[in-house]
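The chain below stands alone and is given as structure tokens, in the form predicted on its own.
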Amino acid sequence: MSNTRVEGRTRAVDELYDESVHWHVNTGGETIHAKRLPGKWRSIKWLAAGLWLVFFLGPYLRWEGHQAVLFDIPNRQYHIFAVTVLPQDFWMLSLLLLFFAILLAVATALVGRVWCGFFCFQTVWTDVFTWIEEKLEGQPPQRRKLDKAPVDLRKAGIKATKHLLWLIIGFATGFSFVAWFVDAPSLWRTFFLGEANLVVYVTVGLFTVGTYVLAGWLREQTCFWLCPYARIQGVMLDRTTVVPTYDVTRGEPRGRVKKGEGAAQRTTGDCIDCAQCVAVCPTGIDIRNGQQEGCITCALCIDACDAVMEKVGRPKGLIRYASLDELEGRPTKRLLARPRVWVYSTILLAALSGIIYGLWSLDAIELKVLQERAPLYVTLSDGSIQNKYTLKVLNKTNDNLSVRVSIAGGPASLQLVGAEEPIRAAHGTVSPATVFVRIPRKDLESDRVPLTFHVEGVRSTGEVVTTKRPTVFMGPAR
């Protein structure tokens, strides 16, 4: 290796050392100014954060003339594209919550706190806030210097601009949250004209302040002290969990790069103690000290370490995604050989199957048939046997329907009384109606005759919606 090349690497490492002296584990006494470096995991982190654009843009997606996804709590209707879910179908919500809870558990068991590092709203919003801070105030040394500088016109202008942008993002967050529960175009009009409900203003205000404080001021302290997931994730990991890990065997003992030293003369490990893994960590921990509560597995330390290893001519992967078994040279189990993977997968599949079945079996209208039990039947003056039924039609569409009732089964002499006019079924409500079924006694072949009620309506789009419900006709014992 040429002396020129060694000197170049030494200068690069010296620059890294000069910046790293400011870094140590933060316990809340100072603001962490994490360094930003390009790399594979940084790109993945931005892509994952981009999924939150759905949160901001989703309420403006239209479907058949209305908001595609709208959780209309006052009217107890939850519209998801062509499907309207009412409180009667909320058993699916339990399965949905179970699905995501188990998904989070299995992700943690396999790859650590990947949710925290790449998808959590606290992590994403903090990353955006600190990105704005970097654009306005500069790199970490410049930001630390600005924090310590006396207040002047320049500092006040920079800080005011930063906090204003933070508040705008906080407001956009609160406004977008409310837009999932109120028709978004109408919300823009009513909110800024002062015509919105008080709950809307309070909710937007709370989200604005909460986002501003949590992502702008508390930052990693939220993960350390407020988030319960940081407390319980430790028991969800095992020796096979793959997380960002420092290879102690390869890295120790640490030592700086010495001028003119070749690989044969080197007496230290691959870690040059530059502390760049600490400098880029958003929670300020040192990954070389092992797994810690503050590690959110964002993998930014891997990008930083790989960049340094490339500069000093050493193999990448000193910090990498690896399991404890792998680092200790033990045999690693394949994914499908782990019992917990099968247990988690079974629960996930059961919950997902239930959700799919529920959505697939949802009818646009539902019918319940309640048969009069006291008395079961009455005998009319002409000898006919009559049963009384209460029909309850649940209209899940967005239209008010005129629903016609018909009946199938029984003898040809059967009469349906009380259903001559259609039932007015308002959308999102249950509309009751009372009908009578009469059968001449001579035509009754049994004391229990199977019947099926049918209801049918036509939506404003011309779509015919229908459903049915079986019941029985009760007569005297034969």
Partner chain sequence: MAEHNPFPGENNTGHIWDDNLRELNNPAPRWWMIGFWASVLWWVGYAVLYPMWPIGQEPTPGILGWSQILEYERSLAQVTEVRAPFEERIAGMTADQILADPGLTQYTLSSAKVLFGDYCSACHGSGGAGNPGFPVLADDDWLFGGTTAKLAESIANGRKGAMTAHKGILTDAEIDTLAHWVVELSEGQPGSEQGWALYRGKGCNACHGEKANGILAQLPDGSVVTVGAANLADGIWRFEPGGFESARHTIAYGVNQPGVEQTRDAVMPGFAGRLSEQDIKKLVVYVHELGGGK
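In this text the structure is predicted, and so the values were computed from the model without any measurement. Numbering follows the first chain given and starts at 1.
The form predicted together with its partner chain exists for this protein as well; it is not shown, and the discussion that follows is about that form.
- Listed residues Phe55, Phe436, Tyr60, Trp63 were compared with its partner chain in the model of the complex; Phe436 is the one with a heavy atom within 4.5 Å.
- When you look in the model of the complex, the only residue of Ser323, Thr397, Thr173, Gln386 with a non-hydrogen atom within 4.5 Å of its partner chain is Gln386.
- Under a 4.5 angstroms non-hydrogen atom cutoff, its partner chain in the model of the complex has Ala374 among its neighbouring residues.
- Pro450 falls outside the set of residues with a heavy atom inside 4.5 Å of its partner chain in the model of the complex.
- Taking non-hydrogen atoms only, His427 never approaches its partner chain to within 4.5 angstroms in the model of the complex.
- The shortest heavy atom separation between Asn75 and its partner chain in the model of the complex exceeds 4.5 Å.
- Exactly one of the stretches 93-101, 120-128, 301-309, 386-394 approaches its partner chain in the model of the complex with heavy atoms within 4.5 Å, and it is 386-394.
- If you take 376-413 and check each residue for a heavy atom within 4.5 Å of its partner chain in the model of the complex, you get Val378, Thr379, Leu380, Ser381, Gln386, Lys388, in sequence order.
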